[in-house]
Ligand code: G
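Quick setup: one chain, the form predicted alone, written in structure tokens, and binding and motion questions come after.
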Amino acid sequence: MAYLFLAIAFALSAVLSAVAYFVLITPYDPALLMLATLAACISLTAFCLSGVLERHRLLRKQLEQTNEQQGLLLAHNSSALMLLDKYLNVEFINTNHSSLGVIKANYSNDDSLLDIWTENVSEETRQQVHKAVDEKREWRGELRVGDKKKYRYLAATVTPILNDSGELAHVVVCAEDISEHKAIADRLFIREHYNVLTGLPNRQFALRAIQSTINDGDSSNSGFILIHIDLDRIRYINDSLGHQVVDKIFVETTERLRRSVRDDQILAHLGADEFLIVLSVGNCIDEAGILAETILDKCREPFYVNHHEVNISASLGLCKYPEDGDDSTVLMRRAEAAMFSAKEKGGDRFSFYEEGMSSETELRLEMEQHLRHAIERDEFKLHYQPVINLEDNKLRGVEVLLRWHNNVLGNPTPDRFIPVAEQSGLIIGIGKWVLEHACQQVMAWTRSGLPALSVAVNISAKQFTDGDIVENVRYALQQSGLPAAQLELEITEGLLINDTPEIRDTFKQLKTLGIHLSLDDFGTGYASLSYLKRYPFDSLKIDKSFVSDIDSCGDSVTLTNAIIAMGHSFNMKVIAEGVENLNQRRILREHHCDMVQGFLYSPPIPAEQFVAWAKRYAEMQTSQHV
């Protein structure tokens, strides 16, 4: 274009010069005038040409800058881009993009997109892409690019580009690397659906798998069997040997169960010491029974962990679909109910679900749900039973007893709801509430004119091991203002079976606070003389089972006398529970029992009634009626 413009300019200059030489009549020299005209035209032409060239230079510079910017955008774009011809051959690819680094390493520009996808994309996905391109519409989906050893996941969009005639001209592929997102999603899926310790599917995964089997089954041949496995005595092993030993037992149990089930059967770890096996469709009752016996045998084999030989057993519950339920949650609950039935029969056995078994399990779950809201709904009440000094018949203290007023459940007794609270861990919060309110109540009585009374509060083993009992006691004393010497914690013998340095240290810290410690229900559990020597107890409580027939059974008198003598030999006060008549009180006094409590004096009564009772009892003592 520039050369054409230059040729036209020179031709025009020559014509003007010729006119000036041959046509114009001037007093000037025609030759000079022609030269002047030619020079002027050339100068003007050069000026115009330089302007045009400068403009083209600027346009070219802008174009180069734009191309550079577009190249940077393509190279560093968050998405990978490919331009294909209508035959799906690669025309352009921003191979600097990390998402397509695998493509650049394995494929050349001569390869077609179909060649790449043949190696990396499933047949179903390829058909979807082909169909979308043929129909001249956009396709969105997920691609895996690379070989088996090194690959990336891409979220891709395939867009056909049409020419003016509406025919396919090009195809644009836009892909974004989602490998990291998928890895995170996979980790979250594993964390949500698998047990970290054993690597087995968890309860949520098992429920979904069971429900999926139910939904996919047909009415003619869709039956299957659930086996709920619960390892016996794990809690005691955890208390005595620690959770690390228990964790290794769980891992070894997993391996034993894996060797017992087939690949088409589901094995899940429901949590803690519970496992589940879902037998495949078509397994009969006899096969399930044989597998249950095999599992019991596997669990009976000794576990060798950290130089310890540990022997456990298992309780198994089996239920059948569809006979025992048509929902995954119902089936799980009924398999668990059958397991509890086996455990109640002594464990180390299996039971099939029978009608009515689930009622106790369902009641337990319902009770746990109500317990979670009992404090906020003000359903708990404290009752107090007097403790009398046999030497002078004076009121010395009270024992706190918890009552639960829940009309929906019919006001469950402590022997029903306390075990549920302990198994669920709710006993820690409930125990803290009892401790604080008991201390506050005794101080309120003192301010009302009653003598300073000691208050005995029962502490469960779970409170002692899992809860911060020392801090809870310190807080209750500070909040209420109760002197530490008036607080007595009653601890059952079951806690002493652990006998760990941590428990002994907790005892020392409690004694440092100045409170009293009492060994409750002595003679009914696991306590031995070594515990009485090892732990700093201040008092010993004789269980009411020894006292109930002390006036009619010589053996009970002998046992009670031995317990009293043993307690005194360790400088402990001895308290007898369950005293119901004067003859029992007489025998206990003759054998030098220090204090008693029971229905002879008063049943556990609410706080608002206790003040009136205490005043009546004091008046009776003054008038020497007792």
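Just so you know, these numbers come straight off a predicted model, no measurement behind them. In this text, residue numbers run from 1 along the sequence as written.
Beyond the structure shown, there is the form predicted in complex with this ligand, which is absent from this document and is the topic of what follows.
Contact with this ligand in the predicted bound form, judged by any heavy atom within 4.5 Å, is made by just one of C174, I190, I418, I503: I418. This chain lacks the partner; the member of I515, A337, V434, L279 within 4.5 angstroms of this ligand in the predicted bound form by a non-hydrogen atom is V434. Only one segment in the set 576-584, 57-65, 44-52, 554-562 has residues whose heavy atoms sit within 4.5 Å of this ligand in the predicted bound form; it is 576-584. For the chain shown alone, L402 is a contact residue for this ligand in the predicted bound form, at least one non-hydrogen atom being within 4.5 angstroms. By the criterion of a heavy atom within 4.5 Å, D230 is excluded from the residues contacting this ligand in the predicted bound form. A residue is said to contact a partner when one of its heavy atoms sits within 4.5 Å of a partner heavy atom; K544 meets this definition for this ligand in the predicted bound form. Proximity of P414 to this ligand in the predicted bound form: non-hydrogen atoms within 4.5 Å are present.
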